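Just the one chain here, laid out as structure tokens, in the form predicted alone.
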């Protein structure tokens, strides 16, 4: 039987091209490889660790569901579900909390980084985030977890918790392995020394940006005062960022892209990149508009996926409760 693969994205606003290249595109590639039984979820419980407006949350979930489908995730091939619609995630996270050493959580670099970014909203959920992530993975007996370098520490905690649970309650889980994914580091068009972020929308290409918006943002993208096109991330980060985006969408190496535009102006490179991005996401934009025009269809797809996910998760929880003495 094919191994189970689990991953999710937080609904915290519109997805940009960095989110697509770093996660969503990879989800579709993994699904289409035919090598895994894929489970992809909307991580709405995780998203509550950051400041949010309750009025916006359901809309953000709906938008991300549409993004999944428009990008090519197929409910006939993958289990697509909303995390909060499977209560076992929260229930198992609490049980795992009781065997998680505080010292392990204090070592998590993402907690330290996020605490600095949101000093007014440092909460216990932010601290125990990796425990919920472990529950997300183990409920489905996932053997494979696609991760970037920044998530390796969290996955190692999951492996630690598997060993602790098995030692305390009997052999139950297998340690999941990380599937390291090449995550292009897409930088802001306005400040190429910072990652692309929705908090700086002018430097951000959103997946559903119309061609005119893409053109305006790319044309104003920061480059440098030189006149030749060459790939030099250290000395010329703005130009390198444009070449890397072009590279990621064409599967050419950045140096090969630079060679292709040798002798051309920055303006020509920007025109070509604008056309490439607009064309690449044309089908996505059309499909997303079609989906959002019928929100009930989206809801039915994810309700069915959540029911399928819950059946698996509940069976796992039944075993967990037997092992931990919470049921007979």
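This is a predicted model, so every value here is computed, not measured. In this text, rigid core is short for the largest set of C-alphas that superpose within 1.5 Å between two forms. Residue numbers count along the first chain shown, from 1.
Omitted from view is the form predicted in complex with a small molecule, to which the following refers.
Shown alone, this chain has one stretch from 205-213, 120-128, 243-251, 139-147 that lies within 4.5 Å of the small molecule in the model of the complex by heavy atoms: 139-147. Remark: residue 308 does not count among the residues lining the small molecule in the model of the complex, judged by a heavy atom distance of 4.5 Å or less. Within 4.5 Å of any heavy atom of the small molecule in the model of the complex lies no heavy atom of residue 153. When the small molecule is considered in the model of the complex, residue 312 lies well away from it, no heavy atom lying within 4.5 Å.
For residue 291, no non-hydrogen atom is located within 4.5 Å of the small molecule in the model of the complex, even though that partner is not displayed.
With the partner omitted here, the residue from 273, 30, 70, 43 that has a non-hydrogen atom within 4.5 angstroms of the small molecule in the model of the complex is 43. Shown in the overlay between the shown form and the other one, fitted on the rigid core, is a CA shift at residue 159 smaller than 2 Å.
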